[in-house]
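Form predicted on its own, single chain, as structure tokens, below.
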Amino acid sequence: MSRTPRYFLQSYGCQMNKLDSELVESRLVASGYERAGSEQDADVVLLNTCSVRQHAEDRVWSRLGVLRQEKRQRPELVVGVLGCMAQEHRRYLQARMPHVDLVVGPSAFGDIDQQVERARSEAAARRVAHEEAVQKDPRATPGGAGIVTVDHGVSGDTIHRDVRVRPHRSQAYVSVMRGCNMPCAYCIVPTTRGAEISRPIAQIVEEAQRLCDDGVTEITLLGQTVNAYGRDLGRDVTLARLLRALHEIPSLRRLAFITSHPNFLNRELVDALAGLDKVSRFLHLPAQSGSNRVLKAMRRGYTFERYVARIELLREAAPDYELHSDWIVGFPGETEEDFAKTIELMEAVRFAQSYVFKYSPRPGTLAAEQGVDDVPDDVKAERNRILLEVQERHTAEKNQALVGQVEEVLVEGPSKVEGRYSGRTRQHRIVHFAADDPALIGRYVPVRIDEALGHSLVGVRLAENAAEDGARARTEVRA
């Protein structure tokens, strides 16, 4: 009797990739597969990849090198590359990676179980051929790239999600749209993930309700440009209306969304953010640069002044919101004056959190096609350092202002420091507190903040009223 087939799935990159991996697992589990504890114990190894940053790609190429050696020992092993790298580098994978059996782009996960089965059948046939070849040449390598599905296929959004397949019992991601129509000069996403396709509100609410029925209390909505949601479904479908619909789910406690574009932070959305108390009080709104000249070259579609005006609109309606941003330093042509405007924007807005990246050309983008990367690496590194220092100062000041306050914390699990557990506030701040009780995971607990660290807070868990166990702790709204 043959054993149940086992898969090992490793995900790289953004939250969308993590959700795609959950959908892939959902389909495989429904088809009778079991999750393996390691690559060595798996019949199928799948790498769900990211092309946004070079570092993520480098990690995948390194992993594929290791799997080449693994497959020499086990020719029957099926190796699959999924996601953005499968879309961008499919020809290279076919030509130079003969140990790869399966190449599936991000728009074709919907029937991944059938594709894996086809790959396993072909791999079994190649194994017989390989064994015959090894008898003639012990150095023979099994070959590959038997199935390619990239530009056409069944979308992962067609999968009827098994809500039990998720890493966190109280938290879940939900995709509301795929692809992106924005023309940002540095971004590969429109090439790898295609044009915007929004899911109907009813379909999203149905999935969210099933997740909440299974114990989820915090949902994060995902989209490449999530606040552009609904543009392809008509004027009556917007992110604000979706938030209002999800807000009606009784057992849902928190609702967040990422990542947003400044151009789509309009009055309707601001009113929803201010008026819906289940929506978490932070907004990831990447500015990328403070220089109008660089923003124009990036094709971002807004200016320094317009960005600040959108932030003022939000803060007037909802002063308790914190802002998060992404920044690119060393974009082609960026001068010291341009960089100074980025610092000026950071000082004007005072973000709670920022991610800073040194520009690197990504093949297939407009910026890369122009062939200019004229800011020296040491200048990029110095500007990166300076922005991080500015952000660390702002974060430390904001954290210090919370000392003495009581925050509602959704407990996520043990901290890296022994004897502590960690969780996040409604403003997405990390809080550590003394505890050693796995039953706390997924609960909302009141924590008094006693210490502000550089990137997190430390506090003391307060006693909960037994009659109101699980209810929200009171949180002071700060102007």
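Numbering starts at 1 and follows the sequence shown. Treat the numbers as computed from the prediction; the structure is a model and nothing was measured.
Omitted from view is the form predicted together with a small molecule, to which the following refers.
Proximity to the small molecule in the predicted bound form, taken as heavy atoms within 4.5 Å, picks out 50-58 from the listed stretches 421-429, 442-450, 31-39, 50-58.
The closest non-hydrogen atom of residue 71 lies beyond 4.5 Å of the small molecule in the predicted bound form. Among heavy atoms of residue 175, none comes within 4.5 Å of the small molecule in the predicted bound form. Interface membership of residue 170, defined by any non-hydrogen atom within 4.5 Å of the small molecule in the predicted bound form, is ruled out. The small molecule is not shown here, but in the predicted bound form it comes within 4.5 Å of a heavy atom of residue 328.
186 is the sole member of 351, 304, 321, 186 with a non-hydrogen atom within 4.5 Å of the small molecule in the predicted bound form. Proximity to the small molecule in the predicted bound form, defined as a heavy atom within 4.5 Å, holds among 120, 166, 90, 362 only for 362.
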